Structure formats: C-alpha cells, structure tokens
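One chain is shown next in structure tokens, namely the form predicted on its own.
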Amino acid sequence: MEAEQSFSDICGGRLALQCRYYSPSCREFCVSCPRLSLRSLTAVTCTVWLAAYGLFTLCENSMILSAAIFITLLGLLGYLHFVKIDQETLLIIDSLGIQMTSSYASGKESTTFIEMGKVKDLVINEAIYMQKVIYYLCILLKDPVEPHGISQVVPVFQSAKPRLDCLIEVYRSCQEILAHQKATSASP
C-alpha cells in the first residue's frame, strides 16, 4: 500500500512524503524536495555571465569570459553532485535494521545502514536553527559498553528539514515497527 501526502519544510517550501507499507514489519518513507528550478538556474547563470561581460568590456580581456563560463559550469556540476538532494528515504525493517538513502540531483546516491540491534530508539528532537526552534527525527544508537546509554544520535531527513507534522507521521509509523520488533524479540 502506498500513500502520498504534501507537507512543508521549515522554510515553507513544498515537500512530498510517500509512505510505502510492504508488511506490518517493513515500511519505507520517502521525502521529496522540489527539483532545481530552471528559472533560478537561468537567473544565476545570466547574472554571472553579464557581470563577466561587464568586466570584459572594461578590461578587454577574453579570459574573463572564458573563466566565467568555466566557473559557472564547474559550480553547477559541483552543486548538483554534492549539495542538491532531491529525495531522502528511510526504510525500516524490524528484523534487519534501518536504511537511509539520499538521492542527489546528479543521480548519485548515498546510503547508510544501521542494524536493528544497534538501535535504541527513534525520537523527535528539537534544536535552535537560525533563531528559531526546529524539530528533527533522529535515531538513538545503543552504547556497546553501557546498555542504558546512548553512543550516537543519527539525524534523519537532514536536507529536507520537514516540519513537525510530517515528522510525527513518520515517527508514529516507525514506533509501531519498533514496538513490534521489541515484542517479537522479547517473546520466547
């Protein structure tokens, strides 16, 4: 079963949350950000190239135009490959673990897997960001030395930064799976 809902990020931008229910013990949550706007890309490119053309007319050096084109293209490729994340996915399977995937605008994907045995809990935390309080979903990892301690906090959906209403939707569903996993591991 698949459900798609529309939410907003902390800045008011649109986000789409797709929830895929594969089984009672396996769910996938995909947060999609808007794609790169061709209008904003064209505006930035034109601004840089017009500034370079203005310098060219003052200096009469064609290297300025060539450098502006080269720097713009390199900057765009770097932004698409290392910065702009189009989609973030959280896949939770109660018997295996949690997989987080970030898909960049260039097509590159970055995946992190956390074994369920290392997961202590999944919580919504709050932080101060740009003079306002924001909420974020994070995975608490068990401390291998101290059983009641936390060794690491792993944030989820770092790039999309969804608002609290979206996080609550994901949190409740993940807590159902974690409760199911704890119940099955506790029974003999």
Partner chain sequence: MVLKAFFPTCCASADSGLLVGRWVPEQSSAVVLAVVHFPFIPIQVKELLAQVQQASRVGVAVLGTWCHRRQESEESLGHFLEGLGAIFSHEPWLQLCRERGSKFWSCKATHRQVPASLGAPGQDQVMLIFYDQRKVLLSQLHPPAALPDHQAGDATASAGGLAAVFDTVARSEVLFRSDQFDEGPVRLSHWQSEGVEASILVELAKQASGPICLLLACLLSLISAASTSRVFKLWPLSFIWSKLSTCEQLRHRLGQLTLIFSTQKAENPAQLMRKANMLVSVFLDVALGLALLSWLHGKDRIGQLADALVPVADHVAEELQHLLQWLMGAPAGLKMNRALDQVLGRFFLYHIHLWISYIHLMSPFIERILWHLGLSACLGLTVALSILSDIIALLTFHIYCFYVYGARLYCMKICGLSSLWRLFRGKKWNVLRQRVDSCSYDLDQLFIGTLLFTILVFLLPTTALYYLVFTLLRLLVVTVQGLIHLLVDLVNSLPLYSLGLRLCRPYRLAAGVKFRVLEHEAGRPLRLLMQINPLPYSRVVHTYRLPSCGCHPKHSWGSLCRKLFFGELIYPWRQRGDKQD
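Note that this is a predicted model, so its numbers are computed, not measured. Residue numbers count along the first chain shown, from 1.
Keep in mind the form predicted in complex with its partner chain is missing from the figure; the text below concerns it.
If you check its partner chain in the predicted bound form, you find a heavy atom from every one of S23, E115 and T184 within 4.5 Å. With the partner left out here, its partner chain still marks one of 60 to 68, 154 to 162, 123 to 131, 23 to 31 in the predicted bound form; by a 4.5 Å heavy atom cut-off that stretch is 23 to 31. A heavy atom within 4.5 Å of its partner chain in the predicted bound form is found for exactly one of S102, S106, T72, Q99: Q99. None of the heavy atoms of E88 is located within 4.5 Å of its partner chain in the predicted bound form. Although the partner is absent here, I93 is a contact residue: one of its heavy atoms lies within 4.5 angstroms of its partner chain in the predicted bound form.
In the predicted bound form, G149 stays away from its partner chain, with no heavy atom inside 4.5 Å. In the predicted bound form, at least one heavy atom of P144 sits within 4.5 Å of its partner chain. Scanning 41 to 78 for heavy atoms within 4.5 Å of its partner chain in the predicted bound form gives no residues at all.
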